[in-house]
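Here you get one chain, nothing else, as structure tokens; it is the form predicted on its own.
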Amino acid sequence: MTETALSAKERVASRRHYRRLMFGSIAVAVVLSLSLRFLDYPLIGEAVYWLGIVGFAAAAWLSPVELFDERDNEVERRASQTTLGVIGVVLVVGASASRTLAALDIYTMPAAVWGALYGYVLVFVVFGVAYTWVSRRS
């Protein structure tokens, strides 16, 4: 059945159904995977995790309707901007505070904190590359 053959009410119900399948498969897979890892079955847990990912992709691919509309795209854009803003503030303040405290011999940040800060830097590097690539294609 094509998307145009469905009534507006059926499209909304179908969208809701397939989105639940997508996110439900991931949620169930993550819970089962973590449980299996906790029970010392890491390989089976990883296989279950990937089955959830396959279920997510299958639900998205087999859906007869478009699962995300303009409103979803706008919400995602605004959430992404907020996330990058928060990460940017944490990076700037955290890196400066870490360097300052170390220079004053007050406190040396654990290596894990530096790893997290470098992870934030990597997020911005990936964003810059993606932004450049997308802007040149548009």
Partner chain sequence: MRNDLRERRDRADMSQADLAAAVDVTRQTINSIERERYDPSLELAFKLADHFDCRIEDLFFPESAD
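Note that the coordinates shown come from a computational prediction; the quantities given were computed from them, not determined experimentally. Positions refer to the first chain, counted from 1.
One more form of this protein, predicted in complex with the partner chain, exists but is not displayed; see below.
The stretch that touches the partner chain in the predicted bound form, counting heavy atoms within 4.5 Å, is 74-82, out of 74-82, 31-39, 107-115, 44-52. At the 4.5 Å threshold, heavy atoms of Val126 stay clear of the partner chain in the predicted bound form, well away from it. Using a 4.5 angstroms threshold between heavy atoms, Val134 stays clear of the partner chain in the predicted bound form. A residue is said to contact a partner when one of its heavy atoms sits within 4.5 Å of a partner heavy atom; Val12 meets this definition for the partner chain in the predicted bound form. Residues Asp69, Glu70 are the members of 42-70 with a non-hydrogen atom no more than 4.5 angstroms from the partner chain in the predicted bound form.
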